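As a starting point, one isolated chain is supplied in structure tokens, in the form predicted alone.
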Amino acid sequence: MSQARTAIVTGGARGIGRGCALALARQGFDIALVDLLAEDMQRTRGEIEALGRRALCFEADTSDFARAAAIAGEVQAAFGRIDFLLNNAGRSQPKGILEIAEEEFDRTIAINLKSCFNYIHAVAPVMMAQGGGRIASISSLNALSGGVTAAVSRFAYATAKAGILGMTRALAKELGPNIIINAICPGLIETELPKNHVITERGAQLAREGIALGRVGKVDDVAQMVVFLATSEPCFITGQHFVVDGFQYHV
């Protein structure tokens, strides 16, 4: 019997991370979740196990370099290999350049960008030793647009998410051909998180006036792209970013 494929999903407790973890589990992956939201993460673990897959939970700050290395070691020890890494952990930052404090900027970069470095650095040796692997990182449409009109995507967030695209292109060259690495740029995505009237009103306005497909994105829209990047065979795609936004032409 062939060994099951395995994946690490950062920020996997809820939202896009949860949806992607469940979609990967349905494709036969055992999943290691990394998040600070312990209760939500345990709930997602139960959903993965209900699909007949193994699941591990690691309560951790993804900006912690040493913790990332330790988690990768524990996942390898438990599962035997690491086939796929999804860098999904992120945090919004609505403050502009004249409002933001240095520590707030640093924290935005640490959670959204440095976390990707931490986990890629941790899993790359494992993937190289086993003959290959795949990595996908969740960037944002704001990396391309600057996100000037969205409350969650002012300059620090957009800067960090744009850094993911540069990292992806550079590491595709450095880690290829053994490791395939790509990025995903979601537009406005509706999750199971509590909705406020600002998001609801903005989503409705965009759907009416600025999204070609006439609706706000769903978690499954992103998850399907993640599954494609994790499983497609053959795969002649690396160093790329994929926009999942229904063609959001008014941002």
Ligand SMILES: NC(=O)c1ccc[n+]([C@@H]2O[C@H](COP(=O)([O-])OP(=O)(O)OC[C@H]3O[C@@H](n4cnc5c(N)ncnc54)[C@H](O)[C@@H]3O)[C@@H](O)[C@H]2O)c1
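Since we're looking at a predicted model, the values are computed, not measured. Start at 1 and count along the sequence shown; that's the residue number.
From this point on, the text means the form predicted together with this ligand, which you will not see here.
- A residue is said to contact a partner when one of its heavy atoms sits within 4.5 Å of a partner heavy atom; Arg91 meets this definition for this ligand in the model of the complex.
- At least one heavy atom of Lys161 is located within 4.5 Å of this ligand in the model of the complex.
- Contact check for Phe79: every heavy atom lies farther than 4.5 Å from this ligand in the model of the complex.
- With a 4.5 Å cutoff on heavy atoms, Ile111 counts as touching this ligand in the model of the complex.
- Proximity to this ligand in the model of the complex, defined as a heavy atom within 4.5 Å, singles out one entry of Ala60, Ala70, Leu51, Leu56, which is Ala60.
- For the three residues Gly11, Tyr157 and Pro186, a heavy atom within 4.5 Å of this ligand turns up in the model of the complex in every case.
- Heavy atoms within 4.5 Å of this ligand in the model of the complex are found in one stretch of 174-182, 70-78, 131-139, 95-103, which is 131-139.
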